[in-house]
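Okay, here we've got a single chain as structure tokens, the form predicted on its own, with questions on binding and movement later.
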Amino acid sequence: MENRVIDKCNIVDLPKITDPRGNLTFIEGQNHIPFDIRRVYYLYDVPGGAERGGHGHKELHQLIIAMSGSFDIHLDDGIEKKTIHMNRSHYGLYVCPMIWREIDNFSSGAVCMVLASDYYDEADYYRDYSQFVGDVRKGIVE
């Protein structure tokens, strides 16, 4: 069976330096993740029952981390789907281009941090799921 785009999305176990005073984790672009970091943003104070994401990217690579609390990330490459529960601040979920993502089930106080490979560019977004799936089926993938 051929590799699907969704198979490129995986958990990255980030370095964790333990210390009685508290743990430390760091992330280096092109070392721990396969891209340079150009943008960082985070979601917080997400109301109970709310969903975030609901889009895909044509070229953008991301690493998504649960800095605090937990949430679920639903990944969809237009053919297969999988859900990842995020709840450890030393794990990041690498999300490659051409993946539709939705984030929900935020716990109280959850903070979702995203490291992105490029600056914000609206032209890189898929905001319509049917257009995303149509392009996947036409073979417009990496």
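When you see a residue number, it is the position in the sequence shown, counting from 1. From a predicted model like this one, the values you see are computed outputs, not experimental measurements.
There is also a form predicted in complex with thymidine-5'-diphosphate; it is not shown, and the following applies to it.
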Heavy atom within 4.5 Å of thymidine-5'-diphosphate in the predicted bound form - the one residue of H85, R88, K82, R39 that qualifies: R39
Just to confirm, with a 4.5 Å cut-off on non-hydrogen atoms, which of G78, P97, G69, G53 contacts thymidine-5'-diphosphate in the predicted bound form? G53
Can you check whether L43 is within 4.5 Å of thymidine-5'-diphosphate in the predicted bound form, heavy atom basis? yes
Test of understanding: in the predicted bound form, would Y129 fall inside 4.5 Å of thymidine-5'-diphosphate by heavy atoms? no
Name the stretch: of 69-77, 89-97, 45-53, 29-37, exactly one has residues whose heavy atoms fall within 4.5 Å of thymidine-5'-diphosphate in the predicted bound form. 45-53
